[in-house]
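Below you'll find only one chain, the form predicted alone, shown as structure tokens.
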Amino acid sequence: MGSTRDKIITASNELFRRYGYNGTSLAQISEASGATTGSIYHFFPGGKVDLGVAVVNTTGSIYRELFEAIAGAAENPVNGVYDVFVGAAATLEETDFIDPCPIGTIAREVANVSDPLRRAAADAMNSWIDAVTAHLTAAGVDDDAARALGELSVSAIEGGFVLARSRRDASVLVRSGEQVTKLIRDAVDAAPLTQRSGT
């Protein structure tokens, strides 16, 4: 059994995924987590904003670890990134197109009205970019090119979620992954042979 704080974060994550940040009330979070509103304020004195930051921080770390696990298990660095897109598409279909991650949704909803939430979302996404960058530099890709491809990968998957959910067609993520993968393959192939790993 998790702690009360963990239960609140987990419940909030699920509700934000389903209804968005603005569409979720503390009353809903209280009911879903089994925690009183007083308990929520005990752990998150700033109320919903503090709770939202905690959800973003927690989810951001989980998804970075997931990327590293999937990419690390692939037979080569190029396939590693592609496998993440394919896995994201499968997750969307399996959950009937419920948003798999609330971070992009929160960023779109509150980026202009809540600086703490905007910063938390930026930090989470930057950590994903860092993970892709490290994955590609380990394969011999130049630092600047690896970071640009990291930004592209995160942009493509977050944008892919929006388009796939709007169309109720997860194949857009697979196609986006194919295009990103082609660029990664080119970057890996352009790397000096002595710097390549596992390709």
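All residue numbers are counted from 1 along the displayed sequence. Remember, predicted model here, so these are calculated numbers, not experimental data.
Missing here is the form predicted together with the DNA; even so, the following discussion is about that form.
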query	finding
Listed residue (S155, S171, T37, S166) with a non-hydrogen atom within 4.5 angstroms of the DNA in the predicted complex	T37
Among 42 to 50, 58 to 66, 146 to 154, 128 to 136, the region lying within 4.5 Å of the DNA in the predicted complex by heavy atom distance	42 to 50
A27 within 4.5 Å of the DNA in the predicted complex, heavy atoms	yes
Members of 78 to 114 lying within 4.5 angstroms of the DNA, judged by heavy atom, in the predicted complex	none
